[in-house]
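Below you'll find only one chain, the form predicted alone, shown as structure tokens.
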Amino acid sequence: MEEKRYDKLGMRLWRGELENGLRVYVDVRPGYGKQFAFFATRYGGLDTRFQTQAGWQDTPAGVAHFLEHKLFDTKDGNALQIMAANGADPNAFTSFDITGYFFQCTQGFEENLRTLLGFVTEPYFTPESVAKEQGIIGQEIAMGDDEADTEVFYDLLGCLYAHHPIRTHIAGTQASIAQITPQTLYTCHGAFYNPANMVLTVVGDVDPERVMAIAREVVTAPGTGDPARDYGPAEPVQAVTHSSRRTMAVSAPLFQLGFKLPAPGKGPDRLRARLIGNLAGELLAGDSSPLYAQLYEAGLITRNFAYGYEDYPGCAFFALGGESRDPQAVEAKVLAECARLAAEGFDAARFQRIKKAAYGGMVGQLNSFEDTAVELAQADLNGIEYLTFPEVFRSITADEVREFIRAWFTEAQSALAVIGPGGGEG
């Protein structure tokens, strides 16, 4: 493995790559008793159409999430129980673009690492176990359909995008997961869980060479690369529909207001766009912003107000939302503030203050073993060298952020989704 120093962060990172393409990163933290390992593939809810040697494959929505659940079932028992018995706290998640499996422990690290790498790369499915999981996940989906916070978010995505699979729930629907068979799972696992499409990150007081040796010992499959993916026809630049409203059993209206942004590039360009998007969001709607004060003092938002920039293959957006007695009034004030910032720019002192705070937040996040491991893996899978963010961050100017807001935080790019109180669809 090779060691690389990041002097601005006072960090050293070990990196290696197996012959089959698996990338391995180790952040050694001497003196700490905890270890954290994260094993991820660039495969998520978006990836329903992809190419294999047999041609283009169309799979039901929700396979990535379903596969995440099923991989814990092995010929030797349930991997969650096996690792827990060895002192580990394991779990997993599926997002729009990646699936990750992880554990933390204070003992038995090497054995737990072997278990993690083993069950993720050696699938075992039977018709009976798949049918059982369809019932379990089907119940989860039914319960999720009643979560208004989630539903209003997907309503917004449906307004912003015409074709992109970002519109589709990561877990799929009861109808879509009913189509999943063991062969579906094996096909998707073979395509995406190949080592060249995966990354392992470890944080803790561990020996990088031992981590690399264990990975080489367990992950022996050949690497077939990054499968070609199809995210549908080209998207219109602007939002497809500017509003959506329906009712559910909520006590007060919930809303999501979003702006459709350019699809992200790769590598440094993507990192820079992400940092600019985050800064634009903080300047517009952060809790120290004039807009936030205005909305809160007028009683138009509550403490559950949240906002954020997100980017995925083929799409990016900024969304803000929460509970409001008058979502349309919030929309009007947000659009007015966007126009003002685009025209007037930012107070220089405030821009530097926000930039410094945002940078400090990113540096502080590196204190978390989990956050560091996940960020390193997600960045690698998106072609980003994450720990270069100080150099990129410091070069961003107020004019760049202002231009970003002027170009993209506009009414034409925006959509408002609302779920109001009521007994059902409105």
Partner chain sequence: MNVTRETLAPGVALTAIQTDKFKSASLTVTFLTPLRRETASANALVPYVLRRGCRRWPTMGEVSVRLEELYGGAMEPLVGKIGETQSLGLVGSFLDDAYTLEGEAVLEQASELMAALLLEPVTEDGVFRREYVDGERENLVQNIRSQMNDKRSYALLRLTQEMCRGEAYGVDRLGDQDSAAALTPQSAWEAYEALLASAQVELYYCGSADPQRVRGALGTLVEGLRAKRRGAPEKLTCQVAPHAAQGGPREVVERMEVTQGKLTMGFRTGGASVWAETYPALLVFNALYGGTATSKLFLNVREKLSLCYYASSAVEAAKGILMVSSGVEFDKMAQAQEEILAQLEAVKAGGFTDADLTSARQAVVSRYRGTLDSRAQLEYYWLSAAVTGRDETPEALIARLEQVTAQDVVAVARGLELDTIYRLMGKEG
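Each form is matched to the other, and the largest set of C-alpha atoms that superpose within 1.5 Å is called the rigid core. Residue numbers count along the first chain shown, from 1. The shown structure was predicted, so the numbers you read here are calculated from the model rather than taken from an experiment.
Unshown form predicted together with the partner chain; subsequent notes refer to it.
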Which pick from Glu344, Asp146, Glu217, Asp76 sits with a heavy atom within 4.5 Å of the partner chain in the model of the complex?
Asp146
Checked Ala234, Ile136, Val237, Ala348 for heavy atoms within 4.5 Å of the partner chain in the model of the complex; positive is Ile136
Ile301 near the partner chain in the model of the complex, any heavy atom under 4.5 Å?
yes
At 4.5 Å between heavy atoms, is Ile180 in contact with the partner chain in the model of the complex?
no
So in the model of the complex, does any heavy atom of Gln104 sit within 4.5 Å of the partner chain?
yes
Quick check on Ile354: any heavy atom within 4.5 Å of the partner chain in the model of the complex?
yes
Just one of 355 to 363, 38 to 46, 51 to 59, 378 to 386 has residues with a heavy atom within 4.5 Å of the partner chain in the model of the complex, so point it out.
355 to 363
Are Leu9, His69 and Ala84 jointly within 4.5 Å of the partner chain in the model of the complex, each by at least one heavy atom?
yes
Heavy atom within 4.5 Å of the partner chain in the model of the complex - qualifying residues of 229 to 253
Ala249, Val250, Ser251, Ala252
Once you overlay the rigid core, does the Cα of Ala407 travel 2 Å or further between the shown form and the other one?
no
